[in-house]
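Just one chain is shown here, as structure tokens, and it is the form predicted on its own.
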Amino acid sequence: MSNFFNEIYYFLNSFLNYEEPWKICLILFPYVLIMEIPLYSLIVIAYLKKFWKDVFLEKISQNYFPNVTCIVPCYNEGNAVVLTTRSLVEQLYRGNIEIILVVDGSDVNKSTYEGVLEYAIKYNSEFKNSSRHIKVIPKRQRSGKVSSINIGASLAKGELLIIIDGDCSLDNDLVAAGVRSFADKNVIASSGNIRVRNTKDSLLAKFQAIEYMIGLQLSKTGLAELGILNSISGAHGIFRKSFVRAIGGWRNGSAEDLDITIRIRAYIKQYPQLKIIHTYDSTMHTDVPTTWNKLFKQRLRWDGDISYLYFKRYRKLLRPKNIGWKNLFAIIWYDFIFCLCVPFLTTVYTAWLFFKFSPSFAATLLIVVYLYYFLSGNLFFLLYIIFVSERKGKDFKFIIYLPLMPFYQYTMRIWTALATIFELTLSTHKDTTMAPWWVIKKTH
């Protein structure tokens, strides 16, 4: 055992002293240089460009207060939906807010239905002249989240639609911040900010909080500035109602958020002046899985959905004439290479190291890989704290968990590879709680 650690020390010392750096770089850096560093660099540059415009150049209209409809699909959330509804009526927004609560399977989901109905009747009667109004729409037979959103959109009176999960909490300026950029008539959709609420429940929740900070905040802002935002979150998305109706609303099945984003990007190919943005200061808070078992089940669906949509549902759409060269390049580079290929390469790379080299040299390479992801993770985290975070003091406390993040990221990449295999062989997107089996069965 002592020889093993002595060899690791020798290899690391050789690398750090530039005696044999080419050997490690030849093995390690083609994987990093070609696929990751250019993407990371573009995202950072794009974000800094947006930050410069927001602060020094562009002035967003402060006198834009359109009628807004908040659609809240409800299923088995119980009293949590009442709390979400309360946070909507208490929004610091000068315009009118219509709140549509669509209760899926109301006959069996009685606690949720009765809870929101009681609150809605009481609020509407006590505040008849309020600029907020609550509607409760019961769906006796359960038909899924997509059906609930489409029903809400068909009944909506607002110019803008905000889709919110039923079991979340909201900042009181979520609506005001979310609609501000829609003063630009070319903005047709926006992804909103999502923060992790239950960080105190487990170490795993803290890892996901950091993942959301960097992946859902910093990265999405940069991708949107580049015009290649890959997904508008189904938990917090903002849309111009006229546009949503024009493209036929949401499609049934799994991954409704990624699905509608793909179709919007295809539409933008014909009308390049239209824009999808990310509004990082419109914030909602959600709970994340606190155990590995629950997290793996969640990501099995999330990661499998990418394969399902690109390889099955929209394989014929992914052509330059349909979505344009820019979008096709972005999908290939980010969704295929970064989100799908890199996890496979990570898995194969690890196995190859120990097959090709001695255990000590393989371990040395993995240490170098860890150092790279540790340093890059710290860089992105600090950029997030400086430029993006609206709760800098609270978020900065997560810095103590950064040394462990590469292990979390490594585990999740391997799981992404497995989830992709499961989807391609077993169609695991059909095993979802987002809709009953008979709805999923009819989708294609």
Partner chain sequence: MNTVYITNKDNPFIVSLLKEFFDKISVFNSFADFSTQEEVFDSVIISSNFEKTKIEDFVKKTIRTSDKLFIVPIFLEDNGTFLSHENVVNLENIKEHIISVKNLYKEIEHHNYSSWENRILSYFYTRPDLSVCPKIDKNHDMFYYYPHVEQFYDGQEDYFYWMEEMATQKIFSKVKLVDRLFCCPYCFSALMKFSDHCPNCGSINIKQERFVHCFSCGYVSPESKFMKDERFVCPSCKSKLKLIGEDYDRPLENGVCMDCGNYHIDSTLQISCLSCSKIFTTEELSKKSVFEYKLTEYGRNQIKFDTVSSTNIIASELNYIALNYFIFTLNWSIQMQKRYIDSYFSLVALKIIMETEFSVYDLLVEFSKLLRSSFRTTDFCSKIDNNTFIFLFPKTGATGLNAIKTKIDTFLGSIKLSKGQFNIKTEYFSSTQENIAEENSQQILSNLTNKL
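Positions refer to the first chain, counted from 1. The structure displayed is predicted, hence computed values, not measured ones.
Below: the form predicted together with the partner chain, not depicted.
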query: Site check D201, L365 and Y410: each within 4.5 Å of the partner chain in the model of the complex by heavy atom; finding: no
query: is_contact(T291, the partner chain) in the model of the complex, heavy atom dist at most 4.5 Å; finding: no
query: R142: touches the partner chain in the model of the complex, heavy atom cutoff 4.5 angstroms; finding: no
query: Close approach of L92 to the partner chain in the model of the complex, 4.5 Å, heavy atom; finding: yes
query: Exercise: K397 in contact with the partner chain in the model of the complex, heavy atom 4.5 Å; finding: no
query: Region of this chain that lies against the partner chain in the model of the complex, out of 402-410, 42-50, 389-397, 371-379 [heavy atom, 4.5 Å]; finding: 389-397
query: In the model of the complex, the residue from R245, R86, K157, K110 that sits within 4.5 Å of the partner chain by heavy atoms; finding: R86
query: Contact residue in the model of the complex, from L170, I306, V102, L229 (heavy atom within 4.5 Å of the partner chain); finding: L170
query: Residues in 127-141 with any heavy atom within 4.5 Å of the partner chain in the model of the complex; finding: F127
